[in-house]
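In the form predicted on its own, a lone chain appears below as structure tokens.
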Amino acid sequence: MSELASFNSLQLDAIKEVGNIGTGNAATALSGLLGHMIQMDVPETELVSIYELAEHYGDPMQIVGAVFVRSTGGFQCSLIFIQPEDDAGLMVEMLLKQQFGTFIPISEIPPEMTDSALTEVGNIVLSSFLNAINILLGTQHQISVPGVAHDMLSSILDVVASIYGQMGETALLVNTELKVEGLEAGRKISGQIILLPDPESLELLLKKLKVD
């Protein structure tokens, strides 16, 4: 079942709920990592064609930070965490302040340290998201060493389509905003999780949800 049009409404709703649960799990883990209480807006979850991802985002020229991982095991998939560069920088500042006890502005952080911190954040978010799915399925997973990239959104999504489209053409897109305790009033951090399940993994998920 690789064609998006073949999913019925019950299947779509069930898969979207999995995305909601996974995002909540990721927000909880991120709260522990950053040492701040985090409230998550209700995520917008969509099942889309991997080749139409760009249509679900804003400015294609926007510079973003992206963390990629590949999961093997009972539920094989690829996952990506994408943030606007400003939001990614804020997450890095928060993480380093939590680790070193002092605030360091992103402009003063060496690029290699920035990428290391961003990779840690992305790894926690994506691993926690995947853990929720594996708990539901009763499966286990092994996750690859995360990769990180900074580029225009259009370039990132082109890479996603060209590389991961060989494995499956359906993507679960989860978009949410996080309210972080201690930030100025009204400041939110946005982030998108893209789950790209292998076709066999998607079938397994639907069977577990009893909507195949």
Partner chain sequence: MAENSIVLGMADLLVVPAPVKLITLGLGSCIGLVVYDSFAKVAGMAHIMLPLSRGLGGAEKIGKFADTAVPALIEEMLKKGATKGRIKAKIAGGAQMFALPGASADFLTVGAKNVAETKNRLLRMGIALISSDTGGNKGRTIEFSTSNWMLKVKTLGKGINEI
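So that the term is clear: the rigid core is the largest set of C-alpha atoms that superpose within 1.5 Å between two forms. The shown structure was predicted, so the numbers you read here are calculated from the model rather than taken from an experiment. Numbering follows the first chain given and starts at 1.
Same protein, other form: the form predicted in complex with its partner chain, not shown, and the subject of what follows.
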property	result
In the model of the complex, segment of 159 to 167, 25 to 33, 39 to 47, 173 to 181 with a heavy atom within 4.5 Å of its partner chain	159 to 167
Joint contact, 66, 78 and 146 to its partner chain in the model of the complex, by non-hydrogen atom at 4.5 Å	yes
Core-superposed C-alpha of residue 66 shifting 2 Å or more between the shown form and the other one	no
Displaced residue check between the shown form and the other one: residue 28, CA, 2 Å or over, core reference	no
Distance trend in the model of the complex - C-alpha atoms of residue 49 and residue 123, change of 3 Å or more	farther
Closer or farther: C-alpha pair residue 163/residue 15 in the model of the complex, relative to this form, given a change of 3 Å or more	closer
